[in-house]
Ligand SMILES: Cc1ncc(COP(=O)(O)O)c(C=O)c1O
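Just one chain follows, in the form predicted alone, and it is written as structure tokens.
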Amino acid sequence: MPVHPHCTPDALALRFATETQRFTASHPRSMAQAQAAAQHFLFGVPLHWMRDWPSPASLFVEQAQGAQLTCADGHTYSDFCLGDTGAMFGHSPAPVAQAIAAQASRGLTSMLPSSQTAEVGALLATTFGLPQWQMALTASDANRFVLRWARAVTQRPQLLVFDGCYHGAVDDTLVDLQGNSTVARPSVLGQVHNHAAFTRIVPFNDLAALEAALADRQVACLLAEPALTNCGLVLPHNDKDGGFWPAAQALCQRYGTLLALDETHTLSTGCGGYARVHGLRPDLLVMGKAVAGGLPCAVYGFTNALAQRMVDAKQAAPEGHSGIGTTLAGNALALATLRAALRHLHTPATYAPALTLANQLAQGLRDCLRRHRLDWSVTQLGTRMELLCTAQPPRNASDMRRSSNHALESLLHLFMLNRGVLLTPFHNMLLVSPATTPADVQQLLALLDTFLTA
């Protein structure tokens, strides 16, 4: 397709400069707070990712409630980022806020099990379909622990991941595919260990490559998102021969490799996550971010058969630190909050309106693209969706990288932000929560129409 004159690099840069000036003029308090915070916080923020937005300074938040947040300058935003999934059920859902307040007066942590532990375990098993569980503070921690358990019980050294995967700050997974080789990801800071020696990587949706990586029976675990999400939303492929995941699961079973699904981002699929909705039977399941409504908390579940192997491995090892667990994991506050989330948020009744509205938003996006005669597409996984600057939805991370237009995406984000809509900063991901309203959706669609017209 010929490049439209308004979409050349120079034209986009000029428009981006205009939007930057608009942000600076309309957000004096956020600009001032960013400057003040920079005196004591690296890059002016408590986590350097918070500077990954396209705005000239981070948006400093005064309050977040439901699907809206208010910044230090008093502007209110319809939030389709939702804390990059952490607030997937909306900001501060009432049952979660009430549980936190109630438990805070009864004790935060004691390194002993809370009296709510048995009930929480039963709720986890009922909701997600695996009988045995352990807790962590983040999905990154949970994934680290899963990998240790997998290598311990299988006595195999290798990990397998998909190119473009995201499993938090787990060193073993911060690798890229270059040709047919695993290489260290160049953006990772302070890397000294050669994780390429113990981590294999293959393209998503490639069953032949998957089998080749498993065939020597050296892979302890396939750690995977059911759909790629962080590089952009890439769905598992389905065709006349069946679905990718049933075949991939069968390959893992054939070669004795444990299948661990990281559902931290794919809880958006529906109640119970992707595996529950689609009838998959992983050996291990990891969830963080939204699992307890946004409070720092993560869980990992596993089968009874695997639980026995884990017990055997622990009992066979000498006494001492296993390298698995942290002091605050499973604390009383997290358990109480998780209990409230499982009882009130991880339910079909909570998901139903969000899924309905997400379908309407996805269709609205497609209709808008059609009106503007753009060969773009929309991928959707339940309440999560991605606006893609390509006609064909990508099958793997390489496809996604080729279709990305960083300058256009950054301009769209800043354009929306300046007009009261917040998108996820890393790519064109949109997330609908139970608190999102039809008015929020209509505002976003109207702004997209205005943007594309401009």
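The first residue of the shown sequence is 1; numbering continues from there. All of these numbers come straight from a predicted model, not from anything done at the bench.
In what follows, reference is made to the form predicted in complex with the ligand, a form of this protein that is not presented.
Figure note: of the listed segments 329 to 337, 243 to 251, 209 to 217, 263 to 271, the one touching the ligand in the predicted bound form, with heavy atoms no more than 4.5 Å away, is 263 to 271. Checked against the ligand in the predicted bound form, the residues D172, D283, D84, D163 give one hit for a heavy atom within 4.5 Å, which is D84. Contact with the ligand in the predicted bound form, defined as a heavy atom within 4.5 Å, holds for exactly one of T127, T379, N205, N230, namely N230. Although the ligand is omitted here, in the predicted bound form none of S410, T424 and H427 has a heavy atom within 4.5 Å of it. Taking non-hydrogen atoms only, A139 approaches the ligand to within 4.5 angstroms in the predicted bound form. The closest heavy atom approach of G168 to the ligand in the predicted bound form falls within 4.5 Å. Residue contact with the ligand in the predicted bound form: K289 places a heavy atom within 4.5 Å of it. The ligand in the predicted bound form comes within 4.5 Å of a heavy atom belonging to N143. Contacts of stretch 196 to 225 with the ligand in the predicted bound form, defined by any heavy atom lying within 4.5 Å, are made by E225 alone.
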